[in-house]
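In structure tokens, the next block holds one chain alone, the form predicted alone.
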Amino acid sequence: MTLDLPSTREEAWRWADLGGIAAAAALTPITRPDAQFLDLPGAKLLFVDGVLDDAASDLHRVCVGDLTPGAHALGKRATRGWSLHLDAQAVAHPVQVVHVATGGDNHVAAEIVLDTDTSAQVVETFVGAGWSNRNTRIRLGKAARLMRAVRMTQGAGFVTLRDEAELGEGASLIGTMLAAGDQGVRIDAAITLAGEGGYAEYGGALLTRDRLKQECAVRVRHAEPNGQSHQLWRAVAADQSQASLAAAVEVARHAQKTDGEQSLRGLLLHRTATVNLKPELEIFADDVKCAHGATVGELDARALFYMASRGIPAPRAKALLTKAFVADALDRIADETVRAAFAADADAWLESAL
């Protein structure tokens, strides 16, 4: 099978594992793994190889059908999926979406539209093996609030996410991503604060090992004054794997009083692993507060020595320090049940990797 994929000669795709995507799309079928819904009220959607399992799903306010594809190189493949539309001042129970892949490639689109002063929470989980490709469009009205958490725990293959979000006046988007499986990952997002006083918090943790490659490529654009954005990403790379974090903030000329922050940190569990960091600021306004930090290092030798002197075995000490490093990104999940599930996924990955 020949796939029409972008080229790594393009700057936006320089670290993309396009070979990994092609290999994932060619994976032979596997036995269908069990769905993993959390103990939360609200809608539950189970997609198996990109097709809704009606018998195992409870839609509530969610609709399923055809959606208009965008122009993104990978996202345009997704033309059918689910949508959530909330009218003014509505509050929805959480929406859970579990994506099960059993080999080959599958593509699902999503659309989230929240009207004035609405609130919603979306939790997505990826399991199985294959290429799971997703395209999500988000539009938030005045003072609307969306909390979204995505965990990628496939045992093999690749997960690609494309998020396109537009935030109205005073709207808030909080997105947390966790890659803690044995799949390659590309998280690709374009977030626009199109209304005054918008707030975007978008980040997470990439945990990679063996020879896997995982990356995020996120651009936040401040188009109006008094907006805030925070991008906090953590990457842990073991063996001969590679994690890449590219985060950009763009501030339009009239978007005064903008507050944009980036924190990109990488942790190498082995010196044969690689973490690439690329923070980027494009500021055209003169009354802003923007900052970024980017560091890559190893576990603190002094902390490991201290813990060893207290009788803590080296693997346990490494796990504790790495867990604290990752927790920085996951603690931003407000829902206790969701946060605990993400932490458990990270702990399981660390126990295996260390």
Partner chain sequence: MLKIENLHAEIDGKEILKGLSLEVNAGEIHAIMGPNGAGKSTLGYVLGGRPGYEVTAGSITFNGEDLLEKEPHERAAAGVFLGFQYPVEIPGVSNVQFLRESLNAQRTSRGEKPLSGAEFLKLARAQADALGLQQDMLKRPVNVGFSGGEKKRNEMVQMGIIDPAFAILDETDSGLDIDALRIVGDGINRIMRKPTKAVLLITHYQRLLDYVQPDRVHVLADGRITRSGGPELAHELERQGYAEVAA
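Just so it is clear, the model here is predicted, and its values are computed rather than measured. Positions refer to the first chain, counted from 1.
Just so you know, the form predicted together with its partner chain exists too; it's not on screen, but the next bit is about it.
Shown alone, this chain has one stretch from 289 to 297, 51 to 59, 27 to 35, 321 to 329 that lies within 4.5 Å of its partner chain in the predicted bound form by heavy atoms: 321 to 329. In the predicted bound form, residue 313 approaches its partner chain with a heavy atom inside 4.5 Å. By the criterion of a heavy atom within 4.5 Å, residue 67 is excluded from the residues contacting its partner chain in the predicted bound form. Proximity of residue 285 to its partner chain in the predicted bound form: non-hydrogen atoms within 4.5 Å are absent; the residue sits far from the partner. In the predicted bound form, its partner chain sits within 4.5 Å of a heavy atom belonging to residue 307.
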